[in-house]
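To begin, one chain is listed below as structure tokens, in the form predicted alone.
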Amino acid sequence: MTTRSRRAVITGIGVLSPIGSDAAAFWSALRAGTSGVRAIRGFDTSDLSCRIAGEILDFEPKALIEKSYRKSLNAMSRMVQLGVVAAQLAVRDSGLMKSLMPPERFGVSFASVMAETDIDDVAGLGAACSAGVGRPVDMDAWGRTGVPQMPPMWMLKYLPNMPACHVTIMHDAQGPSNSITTGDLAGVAALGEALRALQRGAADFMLVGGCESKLNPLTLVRLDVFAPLTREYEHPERAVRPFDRDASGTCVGEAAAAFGLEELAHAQKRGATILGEVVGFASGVDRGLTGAGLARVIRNALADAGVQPADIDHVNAHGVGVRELDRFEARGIGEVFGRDVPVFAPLSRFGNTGAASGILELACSVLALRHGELPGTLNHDDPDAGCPIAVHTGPPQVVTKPYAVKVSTTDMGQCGAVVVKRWDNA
């Protein structure tokens, strides 16, 4: 039974990002205005047009994951590894003793997409089944000799439900479980699913996360053709310019982030540290990218939270640095808040992390509310006249109101908004 008397609080944060791989380092980098967009170091990009990204450096999953689960890493793509580790960090940060948690009251809601095939899994087989460089693959040869040589766990490394599957097994989470695959909206949508599960009494603790990594040569070649990527490579830290007149496109990022979302009474009973509260959620579609549909979603989220626009300290925007998409998002935000509420767009620090973006970007606001400071938006130097919002730039400013709104959108017009509240023991 759904009851609004069941409140959802955040008791743990796990972050793996290009600017920091724990909550403390992440917050320090946010305050300092650090950028994680840089020349790609993980592989040779000399033959690629796309050479910059928000890349996580020195990710060593074996050093971060529980010892009993390390053998399973071989059955995970990098994206899945990121998600599993971030989830473990969130559980650890929450102080949850799994042995004292009834498994049927522990749920998982995870945002992800179909992971990208590692080139090592297919390149050699493709070459063996072709007549030479630049020649097409012989499909008969592929069927005879290629398929039998495919790694037996190939598909299971890349399926979008694999992060949630591994996380539920690892933590013996036998409650509600869901995988959300709506691209850039997926993280906020996963949080909304978890919020409703707690409110209706289906669980007491929900592990909510998102992960994505597209940093491999095959994917970058495809995205370079079909995605609106920036070509400003000389100064990568300034390449992504949200809501700016000179916005030149976005760039790819990789990340994973997770929250321990818990029913309030359950958290208080075990003496958990409460980092913030999730108080409202709504989603919908703006098919024409007019902004009107997004504004409706934001208003619905505010109504769900029982607050007004004047109660909001800041709006956390997606701000991908693509002029048409930024204008769409800004129109929706501006219709609700005008220029009265500061807009913070953190994506320019770490690139577009896709399914991870909703939780990762929201973590910025949860930490801002907790610490009482809102960092400035990077690379917003010349406001786009088509974006009727007030973007906060420069040094951190004091948080003056208890609520923040996180907005997520996709290029297909899918929209989501979540309202979070600073924890004040009320």
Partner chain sequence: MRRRVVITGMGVVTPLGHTVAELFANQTEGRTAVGPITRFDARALPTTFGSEVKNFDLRRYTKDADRFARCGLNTKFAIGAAKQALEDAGLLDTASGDRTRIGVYLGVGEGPDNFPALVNSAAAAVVGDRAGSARFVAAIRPALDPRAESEVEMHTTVGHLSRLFALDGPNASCLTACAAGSQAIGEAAELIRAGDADAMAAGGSQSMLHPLGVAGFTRLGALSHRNDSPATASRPFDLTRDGFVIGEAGGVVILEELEHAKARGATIHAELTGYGSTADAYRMTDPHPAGKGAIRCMANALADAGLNATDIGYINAHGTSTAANDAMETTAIKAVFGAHARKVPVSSSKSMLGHLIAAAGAVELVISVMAIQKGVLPPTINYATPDPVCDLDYIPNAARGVRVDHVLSNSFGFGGQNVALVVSRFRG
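C-alpha atoms forming the largest set that superposes within 1.5 Å between two forms make up the rigid core. Predicted model only: the values in this text are computed from it and were never measured. Numbering follows the first chain given and starts at 1.
Note that the form predicted in complex with the partner chain isn't included here; everything after this is about it.
Contact with the partner chain in the predicted complex holds for all three of 182, 193 and 411, each having a heavy atom within 4.5 Å. In terms of contact with the partner chain in the predicted complex, the residue from 284, 228, 236, 334 that brings a heavy atom within 4.5 Å is 284.
Of the residues given (314, 318, 78, 166), 166 alone sits with a heavy atom within 4.5 Å of the partner chain in the predicted complex. The closest non-hydrogen atom of residue 93 lies beyond 4.5 Å of the partner chain in the predicted complex. The partner chain is not drawn, but in the predicted complex it has no heavy atom within 4.5 Å of residue 246. None of the heavy atoms of residue 57 is located within 4.5 Å of the partner chain in the predicted complex. The partner chain is not shown here, and in the predicted complex it never comes within 4.5 Å of any heavy atom of residue 71. None of 93 to 101, 251 to 259, 341 to 349, 217 to 225 except one has non-hydrogen atoms within 4.5 angstroms of the partner chain in the predicted complex; the exception is 217 to 225. Residues 147, 148, 150, 151, 152, 153, 154, 155, 156, 160, 161, 162, 165, 166 of 145 to 166 are found to place at least one heavy atom within 4.5 Å of the partner chain in the predicted complex. Annotation: Cα of residue 140 displaced by at least 2 Å between the shown form and the other one, core superposition.
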